[in-house]
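Presented below, as structure tokens, is a lone chain in the form predicted alone.
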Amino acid sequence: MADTLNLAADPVELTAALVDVPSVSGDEAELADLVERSLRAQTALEVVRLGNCVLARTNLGRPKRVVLAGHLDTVPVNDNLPSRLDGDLLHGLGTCDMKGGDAVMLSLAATIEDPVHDLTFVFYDCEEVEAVRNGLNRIERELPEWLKADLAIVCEPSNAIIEAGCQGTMRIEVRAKGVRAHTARGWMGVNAIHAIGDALRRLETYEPRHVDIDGCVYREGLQAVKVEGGVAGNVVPDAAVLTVNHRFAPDRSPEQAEQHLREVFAGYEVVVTDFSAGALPGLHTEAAQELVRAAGGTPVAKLGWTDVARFAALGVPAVNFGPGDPLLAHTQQEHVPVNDVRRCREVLWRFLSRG
């Protein structure tokens, strides 16, 4: 492995170089070292290392600041390393999620000499695992000033178009209780699994909202993802649990989403096991409008949850904008179109540079 990356290279070549350094969640140190050395050697940016997070920024006194953020980690290797260029597609683990976006960020860090806005580049670890390990948490606790900005761009794959905001997510357990009995005398018991049936029927007839916010349409969803119950092959079960995942539009708070679910499953015990708030589009700000003009086209809603929500919670408007199809993330066939990588770099250069 080279001591440093050539940050001025074609961002597609830079993507391949990043992909060829394995960085499964929790094992990002080698790649973080390489990114840190490269930024210190090839840019005039202020650079800080925090664990396996690498942060860099300009301090030019511009009236606005833009944060560009990308995670360094990937899901486990699935016979998809090293990278492989096949025509207009670069294949390999992390090409889409999200080393193509990281490469765009590094290219911009090294080549924009006179930015319109002050810039902060945030490369962080452990995005692909449980939220408590996410490197943005550590940055928020220990270096919160590094996340302050007028706009944040999370370079997750978005098919090289602006995806605004994101959905919230909530998981609940819908619990039913019964009375045990021998199945030979089933009438003496109450079958909890049978009792869950009505909750499943409510899901079958549920009509999710489609919510238009700033021209972005968020499609809500309510899905059963797990059913548990049963004691033995000859026992009427006295407990059953249905796990449901709700994806809700960002006009709902988690509290409002919970209240909605309690109404849907009235009569059942409902226990919230996990939730993350969504993020409103944030397209009304001046900086966001500048980005939209640079990108052309029409922004769309992000159908899913991303770290834009972390920035929104800090009061920073945020969007997703990066190369690659998010549907390919975590698949063995993961790849990124080279034109996506170059387009994202071109759009962000146009937005950020005076040149």
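From 1 onward, residues are counted along the sequence shown. Note that the structure is predicted; figures quoted are calculated from it, not measured.
One more form of this protein exists, namely the form predicted in complex with a further copy of the same chain; it is left out here, but the text below deals with it.
- Only one of 26 to 34, 323 to 331, 49 to 57, 292 to 300 places residue heavy atoms within 4.5 angstroms of a further copy of the same chain in the model of the complex, namely 323 to 331.
- Taken together, the three residues A9, R40 and R62 lack any non-hydrogen atom within 4.5 angstroms of a further copy of the same chain in the model of the complex.
- Put simply, of Q259, T285, N234, T273 only one has a heavy atom within 4.5 Å of a further copy of the same chain in the model of the complex, and it is N234.
- Site annotation in the model of the complex: the residue of P82, P144, G267, G230 reaching within 4.5 Å of a further copy of the same chain with a heavy atom is G230.
- Although the partner is absent here, R252 is not a contact residue: none of its heavy atoms lies within 4.5 angstroms of a further copy of the same chain in the model of the complex.
- Using a 4.5 angstroms threshold between heavy atoms, E207 stays clear of a further copy of the same chain in the model of the complex.
- For the chain shown alone, A184 is a contact residue for a further copy of the same chain in the model of the complex, at least one non-hydrogen atom being within 4.5 angstroms.
- In the model of the complex, at least one heavy atom of K226 sits within 4.5 Å of a further copy of the same chain.
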